[in-house]
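A lone chain, given as C-alpha coordinates: the form predicted on its own.
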Amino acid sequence: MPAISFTEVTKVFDAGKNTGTDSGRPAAVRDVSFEVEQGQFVVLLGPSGCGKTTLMRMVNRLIEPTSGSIDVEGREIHDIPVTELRRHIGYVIQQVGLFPHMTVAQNIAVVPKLLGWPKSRTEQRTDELLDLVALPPAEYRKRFPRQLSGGQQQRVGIARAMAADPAIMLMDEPFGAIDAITRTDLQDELLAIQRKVSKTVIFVTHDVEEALRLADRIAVMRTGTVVQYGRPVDLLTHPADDFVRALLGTNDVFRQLSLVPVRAIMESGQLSAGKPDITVQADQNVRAALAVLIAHDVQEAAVVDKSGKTIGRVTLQRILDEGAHEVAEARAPDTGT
(Lines give C-alpha, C1' and ligand atoms only; values in the text may rest on other atoms or scores of the structure.)
Protein backbone atom coordinates (compact mmCIF):
# COMPACT_ATOMS: atom_id res chain seq x y z
CA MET A 1 0.00 0.00 0.00
CA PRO A 2 1.14 3.62 -0.39
CA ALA A 3 2.92 5.16 2.57
CA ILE A 4 0.73 8.27 2.34
CA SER A 5 -2.44 8.94 0.34
CA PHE A 6 -4.06 12.34 -0.09
CA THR A 7 -7.68 12.21 -1.27
CA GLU A 8 -9.42 15.49 -2.18
CA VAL A 9 -7.70 17.24 0.73
CA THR A 10 -8.81 20.84 1.32
CA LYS A 11 -7.87 23.33 4.00
CA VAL A 12 -9.76 26.59 4.51
CA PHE A 13 -8.58 28.51 7.56
CA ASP A 14 -11.42 29.83 9.72
CA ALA A 15 -13.93 27.58 7.98
CA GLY A 16 -17.33 27.20 9.64
CA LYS A 17 -16.81 25.61 13.05
CA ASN A 18 -17.36 21.83 13.07
CA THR A 19 -19.01 21.97 9.68
CA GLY A 20 -16.15 22.03 7.21
CA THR A 21 -17.97 24.78 5.34
CA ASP A 22 -16.23 27.52 3.43
CA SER A 23 -15.78 30.74 5.37
CA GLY A 24 -15.48 32.78 2.19
CA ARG A 25 -11.71 32.82 2.46
CA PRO A 26 -9.66 31.22 -0.33
CA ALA A 27 -8.52 27.67 0.34
CA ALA A 28 -4.91 27.31 1.45
CA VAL A 29 -5.04 23.79 -0.02
CA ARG A 30 -7.73 22.72 -2.45
CA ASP A 31 -8.78 19.24 -3.63
CA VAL A 32 -5.31 17.68 -3.50
CA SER A 33 -5.08 13.99 -4.38
CA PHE A 34 -1.92 11.94 -4.91
CA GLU A 35 -0.03 9.01 -3.40
CA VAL A 36 3.46 8.68 -1.94
CA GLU A 37 4.92 5.20 -2.28
CA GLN A 38 6.94 3.50 0.45
CA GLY A 39 10.54 4.73 0.51
CA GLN A 40 10.02 7.59 -1.95
CA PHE A 41 11.53 11.03 -1.53
CA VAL A 42 8.75 13.43 -2.52
CA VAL A 43 9.32 17.17 -2.76
CA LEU A 44 6.52 19.73 -2.48
CA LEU A 45 7.75 22.58 -4.67
CA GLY A 46 6.28 26.00 -5.29
CA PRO A 47 6.42 29.70 -4.45
CA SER A 48 5.76 31.10 -0.99
CA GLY A 49 2.10 30.91 0.01
CA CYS A 50 1.19 28.10 -2.40
CA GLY A 51 0.13 25.72 0.41
CA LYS A 52 3.01 23.28 0.48
CA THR A 53 3.79 23.61 4.21
CA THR A 54 0.08 23.52 5.07
CA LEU A 55 -0.32 20.31 3.08
CA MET A 56 2.70 18.67 4.72
CA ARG A 57 1.64 19.68 8.25
CA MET A 58 -1.75 18.04 7.77
CA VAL A 59 -0.01 14.65 7.58
CA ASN A 60 0.88 14.72 11.29
CA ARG A 61 -2.18 16.81 12.20
CA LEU A 62 -0.31 19.94 13.19
CA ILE A 63 -2.97 21.43 10.90
CA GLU A 64 -6.36 19.72 10.56
CA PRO A 65 -7.84 19.35 7.07
CA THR A 66 -11.20 21.01 6.43
CA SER A 67 -12.28 18.15 4.17
CA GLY A 68 -10.90 15.14 2.37
CA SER A 69 -8.80 12.37 3.88
CA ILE A 70 -5.17 11.47 4.45
CA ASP A 71 -4.15 7.84 4.96
CA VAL A 72 -0.82 6.90 6.54
CA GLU A 73 0.17 3.32 5.77
CA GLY A 74 -3.45 2.39 5.15
CA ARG A 75 -5.01 4.14 8.18
CA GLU A 76 -6.88 7.42 8.08
CA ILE A 77 -4.98 9.87 10.27
CA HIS A 78 -8.04 10.59 12.46
CA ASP A 79 -8.23 6.88 13.31
CA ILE A 80 -4.78 7.10 14.93
CA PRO A 81 -4.31 8.80 18.32
CA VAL A 82 -2.51 12.06 17.56
CA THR A 83 0.35 11.40 19.98
CA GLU A 84 0.93 7.98 18.44
CA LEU A 85 0.80 9.46 14.94
CA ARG A 86 3.37 12.16 15.71
CA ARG A 87 5.75 9.86 17.55
CA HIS A 88 5.96 7.66 14.47
CA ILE A 89 6.54 10.48 12.00
CA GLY A 90 9.85 12.35 12.08
CA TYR A 91 9.60 16.12 11.72
CA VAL A 92 12.43 18.51 10.79
CA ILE A 93 12.00 22.28 10.41
CA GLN A 94 14.20 25.13 9.24
CA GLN A 95 14.66 26.55 12.74
CA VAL A 96 15.90 23.15 14.02
CA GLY A 97 14.31 23.70 17.46
CA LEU A 98 16.94 21.93 19.57
CA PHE A 99 16.49 22.32 23.32
CA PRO A 100 19.34 24.69 24.32
CA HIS A 101 19.66 23.34 27.86
CA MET A 102 20.09 19.75 26.65
CA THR A 103 23.19 18.10 25.20
CA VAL A 104 23.19 16.67 21.69
CA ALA A 105 22.60 13.18 23.09
CA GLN A 106 19.74 14.37 25.28
CA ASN A 107 18.10 16.14 22.35
CA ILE A 108 18.24 13.00 20.22
CA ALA A 109 16.87 10.90 23.10
CA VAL A 110 13.68 12.95 23.59
CA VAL A 111 11.28 10.65 21.72
CA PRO A 112 12.90 7.34 22.79
CA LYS A 113 12.56 8.55 26.39
CA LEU A 114 8.86 9.31 25.83
CA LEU A 115 8.46 5.83 24.38
CA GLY A 116 10.05 4.27 27.44
CA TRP A 117 13.15 2.86 25.77
CA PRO A 118 15.79 1.46 28.14
CA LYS A 119 18.87 3.62 28.59
CA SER A 120 21.22 1.21 26.82
CA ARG A 121 19.02 1.06 23.72
CA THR A 122 18.68 4.85 23.63
CA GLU A 123 22.43 5.37 23.94
CA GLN A 124 23.15 2.83 21.21
CA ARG A 125 20.60 4.45 18.89
CA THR A 126 22.02 7.91 19.62
CA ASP A 127 25.53 6.84 18.65
CA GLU A 128 24.25 5.10 15.50
CA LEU A 129 22.47 8.26 14.41
CA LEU A 130 25.40 10.56 15.16
CA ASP A 131 27.57 8.33 12.97
CA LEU A 132 24.88 8.40 10.27
CA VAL A 133 24.82 12.22 10.16
CA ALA A 134 28.64 12.43 10.22
CA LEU A 135 29.02 13.72 13.80
CA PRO A 136 31.39 11.36 15.67
CA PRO A 137 29.63 10.42 18.94
CA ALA A 138 32.72 10.73 21.14
CA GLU A 139 33.19 14.31 19.96
CA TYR A 140 29.59 15.56 19.78
CA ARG A 141 27.48 13.57 22.22
CA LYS A 142 28.06 15.91 25.17
CA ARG A 143 28.05 19.21 23.31
CA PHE A 144 25.27 21.76 23.67
CA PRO A 145 23.52 23.34 20.66
CA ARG A 146 25.34 26.69 21.20
CA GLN A 147 28.62 24.86 20.61
CA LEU A 148 27.55 23.72 17.13
CA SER A 149 27.49 25.43 13.76
CA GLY A 150 24.19 25.88 11.96
CA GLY A 151 24.90 22.89 9.73
CA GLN A 152 25.81 20.72 12.70
CA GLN A 153 22.62 21.74 14.51
CA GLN A 154 20.61 20.74 11.46
CA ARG A 155 22.33 17.36 11.40
CA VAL A 156 21.34 16.86 15.05
CA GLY A 157 17.78 17.88 14.14
CA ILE A 158 17.69 15.17 11.47
CA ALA A 159 19.10 12.61 13.92
CA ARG A 160 16.50 13.57 16.53
CA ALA A 161 13.68 13.17 13.99
CA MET A 162 14.96 9.68 13.15
CA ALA A 163 15.53 8.57 16.74
CA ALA A 164 12.52 6.27 17.05
CA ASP A 165 13.13 4.92 13.53
CA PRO A 166 9.97 6.42 11.97
CA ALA A 167 8.94 5.13 8.56
CA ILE A 168 7.97 8.66 7.46
CA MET A 169 9.92 11.91 7.65
CA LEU A 170 8.42 15.39 7.14
CA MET A 171 10.99 18.09 6.35
CA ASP A 172 9.96 21.75 6.08
CA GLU A 173 12.68 23.72 4.24
CA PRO A 174 15.27 22.24 6.64
CA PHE A 175 18.25 23.79 4.84
CA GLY A 176 16.69 27.15 4.01
CA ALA A 177 18.68 29.13 6.61
CA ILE A 178 22.02 27.47 5.82
CA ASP A 179 24.76 28.97 3.63
CA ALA A 180 25.07 27.61 0.10
CA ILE A 181 28.18 25.45 0.65
CA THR A 182 26.89 23.88 3.86
CA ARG A 183 23.48 23.43 2.24
CA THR A 184 25.03 21.37 -0.56
CA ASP A 185 26.93 19.28 2.00
CA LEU A 186 23.71 18.64 3.95
CA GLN A 187 21.90 17.65 0.77
CA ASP A 188 24.67 15.14 0.08
CA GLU A 189 24.36 13.81 3.63
CA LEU A 190 20.60 13.50 3.29
CA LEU A 191 20.90 11.63 0.00
CA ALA A 192 23.46 9.27 1.55
CA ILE A 193 21.17 8.67 4.54
CA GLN A 194 18.20 8.03 2.26
CA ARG A 195 20.19 5.45 0.28
CA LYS A 196 21.02 3.65 3.54
CA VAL A 197 17.67 3.72 5.36
CA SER A 198 15.02 4.30 2.63
CA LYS A 199 12.62 6.44 4.64
CA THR A 200 9.49 7.86 3.06
CA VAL A 201 10.18 11.60 2.93
CA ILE A 202 7.98 14.61 2.22
CA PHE A 203 10.28 17.59 1.79
CA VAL A 204 9.08 21.19 1.35
CA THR A 205 11.17 23.67 -0.62
CA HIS A 206 10.85 26.61 -2.98
CA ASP A 207 14.35 25.93 -4.37
CA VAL A 208 14.14 24.26 -7.78
CA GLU A 209 17.75 23.07 -7.77
CA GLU A 210 17.25 21.44 -4.38
CA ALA A 211 14.07 19.73 -5.56
CA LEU A 212 15.68 18.34 -8.71
CA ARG A 213 18.70 17.15 -6.75
CA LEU A 214 16.80 15.31 -4.02
CA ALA A 215 13.43 14.16 -5.34
CA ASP A 216 12.17 10.85 -6.65
CA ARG A 217 8.87 12.65 -7.30
CA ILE A 218 7.96 16.35 -7.28
CA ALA A 219 4.53 17.84 -6.58
CA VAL A 220 4.48 21.34 -8.08
CA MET A 221 1.98 23.51 -6.19
CA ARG A 222 0.31 26.81 -7.08
CA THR A 223 -2.42 28.61 -5.11
CA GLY A 224 -3.25 25.52 -3.05
CA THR A 225 -3.45 22.99 -5.85
CA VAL A 226 -1.04 20.39 -7.22
CA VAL A 227 -0.40 21.44 -10.81
CA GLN A 228 1.78 18.45 -11.72
CA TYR A 229 3.11 15.39 -9.90
CA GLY A 230 5.79 13.13 -11.29
CA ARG A 231 9.46 12.31 -11.76
CA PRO A 232 11.84 15.26 -12.16
CA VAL A 233 12.66 14.13 -15.69
CA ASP A 234 8.96 14.12 -16.63
CA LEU A 235 8.37 17.59 -15.22
CA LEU A 236 11.43 19.01 -16.97
CA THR A 237 10.74 17.40 -20.31
CA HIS A 238 6.92 17.39 -20.31
CA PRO A 239 5.75 20.33 -18.14
CA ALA A 240 1.99 20.42 -17.63
CA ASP A 241 1.63 24.14 -18.33
CA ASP A 242 3.44 27.46 -18.61
CA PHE A 243 3.64 27.82 -14.83
CA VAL A 244 5.59 24.56 -14.46
CA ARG A 245 7.68 25.43 -17.50
CA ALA A 246 8.64 28.81 -16.03
CA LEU A 247 9.17 27.53 -12.47
CA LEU A 248 11.51 24.72 -13.52
CA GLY A 249 13.24 26.60 -16.33
CA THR A 250 12.67 23.70 -18.69
CA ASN A 251 14.60 25.40 -21.51
CA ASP A 252 17.78 25.45 -19.41
CA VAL A 253 20.01 22.82 -21.05
CA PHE A 254 22.44 22.81 -18.14
CA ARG A 255 19.58 22.08 -15.74
CA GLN A 256 18.53 19.20 -17.95
CA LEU A 257 22.07 17.81 -17.81
CA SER A 258 21.33 17.09 -14.15
CA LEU A 259 19.09 14.26 -15.42
CA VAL A 260 21.93 12.42 -17.17
CA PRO A 261 24.31 10.12 -15.22
CA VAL A 262 28.03 10.32 -16.00
CA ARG A 263 28.12 6.61 -16.79
CA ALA A 264 25.84 7.30 -19.78
CA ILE A 265 28.51 9.35 -21.57
CA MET A 266 31.80 8.10 -20.12
CA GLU A 267 34.51 6.67 -22.39
CA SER A 268 36.68 3.64 -21.78
CA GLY A 269 40.35 3.97 -20.94
CA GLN A 270 42.54 5.91 -18.55
CA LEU A 271 43.37 9.60 -18.34
CA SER A 272 46.00 10.88 -20.73
CA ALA A 273 49.57 10.71 -19.40
CA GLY A 274 50.51 13.59 -17.17
CA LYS A 275 46.92 14.69 -16.51
CA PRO A 276 45.95 15.57 -12.92
CA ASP A 277 44.11 12.83 -11.03
CA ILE A 278 40.65 14.43 -10.95
CA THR A 279 37.74 12.03 -10.40
CA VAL A 280 33.95 12.05 -10.65
CA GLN A 281 31.47 9.40 -9.55
CA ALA A 282 29.79 7.30 -12.22
CA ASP A 283 26.42 7.92 -10.57
CA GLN A 284 26.90 11.68 -10.47
CA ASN A 285 24.99 13.67 -13.05
CA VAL A 286 26.72 15.23 -16.04
CA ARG A 287 26.08 18.74 -14.79
CA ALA A 288 27.99 17.98 -11.58
CA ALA A 289 30.84 16.47 -13.61
CA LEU A 290 30.97 19.58 -15.79
CA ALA A 291 31.26 21.71 -12.63
CA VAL A 292 34.24 19.58 -11.48
CA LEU A 293 36.03 20.00 -14.81
CA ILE A 294 35.49 23.75 -14.80
CA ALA A 295 36.50 24.15 -11.15
CA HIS A 296 39.82 22.34 -11.76
CA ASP A 297 40.34 23.85 -15.23
CA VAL A 298 40.83 20.44 -16.83
CA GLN A 299 39.53 18.81 -19.98
CA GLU A 300 38.93 15.34 -18.57
CA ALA A 301 38.43 13.40 -15.34
CA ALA A 302 38.56 9.77 -14.29
CA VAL A 303 35.20 8.10 -13.63
CA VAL A 304 35.11 5.92 -10.49
CA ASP A 305 32.51 3.55 -9.07
CA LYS A 306 31.26 3.50 -5.47
CA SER A 307 34.36 1.60 -4.33
CA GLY A 308 36.66 4.20 -5.88
CA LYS A 309 37.79 1.96 -8.74
CA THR A 310 38.42 3.75 -12.05
CA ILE A 311 36.02 2.48 -14.70
CA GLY A 312 36.48 5.05 -17.45
CA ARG A 313 36.88 8.74 -18.14
CA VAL A 314 34.71 11.69 -19.07
CA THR A 315 35.88 14.63 -21.17
CA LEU A 316 34.63 18.16 -21.63
CA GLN A 317 34.26 17.56 -25.35
CA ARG A 318 32.20 14.43 -24.73
CA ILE A 319 29.87 16.39 -22.48
CA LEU A 320 29.45 19.08 -25.13
CA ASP A 321 28.98 16.55 -27.96
CA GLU A 322 26.80 14.00 -26.22
CA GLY A 323 25.03 15.98 -23.52
CA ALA A 324 22.35 17.32 -25.84
CA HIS A 325 21.73 13.83 -27.24
CA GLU A 326 21.30 12.33 -23.79
CA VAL A 327 18.92 15.12 -22.79
CA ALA A 328 16.85 14.28 -25.85
CA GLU A 329 16.80 10.64 -24.73
CA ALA A 330 15.64 11.76 -21.29
CA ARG A 331 12.63 13.36 -22.96
CA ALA A 332 11.29 9.93 -23.88
CA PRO A 333 8.19 9.10 -21.77
CA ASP A 334 8.53 6.72 -18.84
CA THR A 335 7.28 3.27 -19.82
CA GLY A 336 8.25 1.56 -16.58
CA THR A 337 6.46 1.37 -13.26
Partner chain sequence: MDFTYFSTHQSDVATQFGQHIELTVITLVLAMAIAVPVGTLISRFPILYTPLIALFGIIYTIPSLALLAFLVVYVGIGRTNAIIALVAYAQFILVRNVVVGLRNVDPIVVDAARGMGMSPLQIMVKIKYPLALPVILGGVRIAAVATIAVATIAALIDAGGLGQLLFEGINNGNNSEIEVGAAAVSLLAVLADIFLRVVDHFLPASRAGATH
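Positions refer to the first chain, counted from 1. Being a predicted model, the structure only gives us computed values, none of them experimental.
Another form exists, predicted in complex with the partner chain; not displayed. Remarks below refer to it.
Chemist: Thinking of 222, 227 and 246 as the candidate spot, does the partner chain come within 4.5 Å of a heavy atom on all of them in the model of the complex?
Modeler: Verified in the model of the complex; spot residues all out of contact, no.
Chemist: Can you work out whether residue 86 and the partner chain are in contact in the model of the complex, taking contact to mean some heavy atom pair no more than 4.5 Å apart?
Modeler: Residue-level check for residue 86: yes, a contact with the partner chain.
Chemist: With the partner left out of view, is residue 117 within 4.5 angstroms of the partner chain in the model of the complex by any non-hydrogen atom?
Modeler: Flag for residue 117 set to no.
Chemist: If you check in the model of the complex, is residue 57 within 4.5 Å of the partner chain, heavy atoms only?
Modeler: Residue-level check for residue 57: yes, a contact with the partner chain.
Chemist: Looking in the model of the complex, any heavy atom of residue 99 within 4.5 Å of the partner chain?
Modeler: Because a heavy atom of residue 99 falls inside 4.5 Å of the partner chain in the model of the complex, the answer is yes.
Chemist: Check each of 240, 80, 110, 178 and return the one that places a heavy atom within 4.5 angstroms of the partner chain in the model of the complex.
Modeler: It is 110.
Chemist: Pick from 146, 196, 75, 121: which residue has any heavy atom within 4.5 angstroms of the partner chain in the model of the complex?
Modeler: When the partner chain is considered in the model of the complex, the option within 4.5 Å is 146.
Chemist: Among the candidate stretches 99-107, 229-237, 262-270, 210-218, which one is within 4.5 Å of the partner chain in the model of the complex when only heavy atoms are counted?
Modeler: Correct option: 99-107.
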